[in-house]
Every structure is written in structure tokens, then in C-alpha cells.
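This document opens with one chain alone, in C-alpha cells, the form predicted on its own.
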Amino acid sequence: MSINITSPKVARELMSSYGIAPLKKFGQNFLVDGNIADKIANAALPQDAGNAAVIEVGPGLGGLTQRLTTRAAQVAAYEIDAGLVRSLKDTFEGVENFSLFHQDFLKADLEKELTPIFGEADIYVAANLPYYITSPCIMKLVESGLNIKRITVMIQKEVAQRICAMPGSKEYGSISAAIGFFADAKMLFSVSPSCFYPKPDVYSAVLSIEMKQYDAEKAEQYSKTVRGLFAKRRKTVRSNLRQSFELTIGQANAIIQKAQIDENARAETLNVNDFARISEEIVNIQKNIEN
């Protein structure tokens, strides 16, 4: 596999030979900058990766995939586009540590499909994510329960800034709070539109998401709490508690008091620990209602 897929000339030749054209419906912008592909691969995997396994979402023509298969013990890629699947099968024919799934990543049963390939290996994620499915892809990964250590993704810069935003800032929102329970996120570097074919209208950024230990039993309720409290951003926590969880004003007030939250607070001012305390109190109230 000596071809340099991140060469603009090679990428165009590949697309021509397989009758491939970037599809807007899949948000396809192919990376055609080898330096950026190298930086993403280096950021995705630690130096002592050993027997690490990698999930790649949307490999496209396979420029990043080339780098990953030389670093990891196993690489499993998910690609929805049939034309790209044909190209990838030929490009990576004979590459024994590469597995390709032709399907929508958001519908994939990751545990069922990847456990036979990865076993108990540490898992890393590397991807140039389509802008339109960025948030659901990241949330699927962090909530998956797989042995994922790090997620390194190239996404729209504005979305990366929202994910990394601090409580109280204008960028802070439900995605910031949701990911914060599962992981620590930081933006590594920006990527110019000129690094892609076709060129997107916005800048991209590479985001590193380091997974942390979390209580799996509390995770689902935490995510529900974040969604519920951000349901109507301009409303107070108390108002969203009542509407999202069908609570009385007395029950909502009790949750706010026990969670030590300001009675006039809005969701965008709360940190991860605030959401966690509210989540626990919602569970307690619901248990009392059931009893």
C-alpha cells in the first residue's frame, strides 16, 4: 500500500477510477493533507500503544486509515458510502489488521461487532467526522461502555469550542455538560479548509477526549438530566425540572435545595457536579413517588 492517499492528485484519481464524488448528504470533505493526517494519528495513539485497537468513523478514501493501520494492532472502520467501501476494500486488500463495516455508525452494535476483533484491548478512536452527525457520534462513543481510552476527532471548530466550553460562557451547552461526565475534552489544533477536498465553508479543529472513570449506573440518568434541564435554555432549572420530569413545584424546589443549587439558576451556569447532584435527587424523588 504505497500510494499516498492524502495527495490531492491521488485522491482525485481514486475518486475518478471508482466513480466517487463527495456527497453532501453524508457531509463528505476528504482530508488531502498528509501532515494533518500524521498529526491526528500521532495524537490518537500513545507512543506505547502496544496492542491497542482503533475505531475509525467515516474513513473516506483512507488517508488517516493508512497511518492507523501501521500504529495499531487492529483497526475497525465504519463507512456508510458504498462507493467508498469498494475503494477501501481494494486499497486495504491484504492488510490483516483492518476490518471494514459497511453501515451507518449510529446504527452499529459496537459491542457485538467489535468484541470478536478487539477482545479486551484498549480502544482508541480516530475520525474525521461529518459535521452533521458530530454530537450523536461522540455521545454514542462515550456512552458505549466499551474500553475506550481516548477519542480523537476532527470536527467543525465551532462545535469543538462548544464541547470544551466552561459553565457560564456563551458557548456552553448540553453537549459540554453531557460529555463532561464521561470525559475531559481539549482542543488540540485548528485545520484550514484548504486541507480538504472539497473545501468546507468553515474551519475545523482536532479534539482530544480523554475518557475518565464514571459510574455506569448513574450515566443514563445523568444524560437524561442534562437533556431535561437544557430543554428550554431560557427557562430556570426549576421550570425545566417541572416540565421535563413532570414534577410539582414542591418536588422541584426540594431537588434544588438538596442539590445546593441557586433557585434562579439556569442550566448553562451549572457544572458537571451540579448536574450529578440534581440527577441523584431526581432519582430519589422518583423512588418516593413510586413508593
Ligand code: SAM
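Small disclaimer: the values here were computed from a predicted structure and weren't measured. In this text, residue numbers run from 1 along the sequence as written.
What comes next is about the form predicted in complex with this ligand, which does not appear here.
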Testing 71-79, 210-218, 177-185, 162-170 against this ligand in the predicted complex with a 4.5 Å heavy atom criterion leaves exactly one stretch, namely 71-79
Non-hydrogen atom within 4.5 Å of this ligand in the predicted complex for each of Q28, L31 and G60:
yes
In the predicted complex, does E158 have a heavy atom within 4.5 Å of this ligand?
no
Is the gap between N128 and this ligand in the predicted complex 4.5 Å or less for some heavy atom pair?
yes
Flag F105 as yes or no: does it have a non-hydrogen atom within 4.5 angstroms of any non-hydrogen atom of this ligand in the predicted complex?
yes
Even though this ligand is not shown here, does L84 get within 4.5 Å of it in the predicted complex, heavy atoms only?
yes
What is the one choice in L146, A121, A205, I133 with a heavy atom within 4.5 Å of this ligand in the predicted complex?
I133
